[in-house]
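This document starts with one chain, in the form predicted alone, laid out as structure tokens.
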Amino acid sequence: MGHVYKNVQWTPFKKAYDLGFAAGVVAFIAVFVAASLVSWPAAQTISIPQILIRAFGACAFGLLHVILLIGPLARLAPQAFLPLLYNRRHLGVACFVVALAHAALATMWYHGFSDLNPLVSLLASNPRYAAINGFPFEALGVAALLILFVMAATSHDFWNANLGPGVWKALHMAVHPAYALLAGHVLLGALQTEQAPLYAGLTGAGAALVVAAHLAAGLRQMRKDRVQEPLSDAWIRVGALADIEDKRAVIVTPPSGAQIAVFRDGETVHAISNYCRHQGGPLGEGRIIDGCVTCPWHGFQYRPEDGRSPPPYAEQVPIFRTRLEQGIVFVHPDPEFADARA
């Protein structure tokens, strides 16, 4: 749902986004293959399927880093990175497809000629789980691939609507254990075949970058989440109306309950839940477009006066009472309708 009240399908932006992304994946794999053919030691033999296995694996792992970095970077530098957040699920599905290609090639190349079923051979041929050198790193990759499959299969808004935003979001937070499993898959696999520390170094640098970005975004959010104590009559002082940018909001964190986004629309003040019903996006970081509060993540909209999405949509978020006294804005932390889920 966009700010013109219609379903967002294959817009020109989405087409350009996906075409550019697909071209980047193809270019990465092509450059990886070419560089491997040029740099591979003459004394060692390697086949094109083996290079492609490495290329697809490196591409999928790199994509997962990008996916994990988009969220915190969109908080730290929204102007630059919010457009990437808009279609992040496309990246997630593509990451699974590329990882599946890596897994299929590796399974058929190394286990396709066994008397056993290739999958059985993959999981049963090496039982050395107690060792580091020789650890069956393939099992870690299979576990991560299964998680990515579940996330890709439930990426459509159909599942978001039927599971509920909370359950859907919790399910897709499994990307973090999937990342840990893939890091182990790469490190333990490289330790068995690579003498140079390249793979270990790149994996460590990537993990450090992901952790640093999440910590920076988390610390910034903690500063925003400072609890604001209510006055004796339960109202919370927000601040001067003049300090709130027109069509924008300040976010209030009451001692209990969900965060509140207090919007200024000219000389009028509205307060609604800070959490979008779609994916829990921060409404208070969005703005008022065509009279509706517009989520900065995916463009879902709500009328600030009643918290309802414009027809024909039926989503609703809680609204809160506000008052203006001598240029100072106050908000009451109790929602105004019974179904106060955010």
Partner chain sequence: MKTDRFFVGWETAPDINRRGFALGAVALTLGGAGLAAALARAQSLPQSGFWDQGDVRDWRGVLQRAPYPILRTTDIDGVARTAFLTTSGKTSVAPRLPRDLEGPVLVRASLIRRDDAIMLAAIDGADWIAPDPGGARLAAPAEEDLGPVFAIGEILDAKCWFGAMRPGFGKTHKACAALCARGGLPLAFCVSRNGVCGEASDDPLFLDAEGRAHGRAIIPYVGDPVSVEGRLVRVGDVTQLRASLNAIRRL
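Positions refer to the first chain, counted from 1. As the structure is a computational prediction, the values presented were derived from the model and not from experiment.
Just so it is clear, the following notes concern the form predicted together with the partner chain, a form of the same protein that is not shown.
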One residue of 111, 102, 264, 172 in contact with the partner chain, assessed in the predicted complex (non-hydrogen atom, 4.5 angstroms): 111
In this chain shown alone, the residue from 218, 134, 177, 204 with a heavy atom within 4.5 Å of the partner chain in the predicted complex is 134
Could you confirm whether residue 299 comes within 4.5 Å of the partner chain in the predicted complex, counting heavy atoms only? yes
Closest heavy atom of residue 168 to the partner chain in the predicted complex, within 4.5 Å or not? no
Does residue 268 reach the partner chain in the predicted complex, with heavy atoms at most 4.5 Å apart? no
Any of the heavy atoms of residue 303 lying within 4.5 Å of the partner chain in the predicted complex? no
In the predicted complex, does every one of 79, 188 and 287 come within 4.5 Å of the partner chain, counting any heavy atom? yes
Going by heavy atoms within 4.5 Å, which of 268-276, 92-100, 242-250, 150-158 lines up against the partner chain in the predicted complex? 242-250
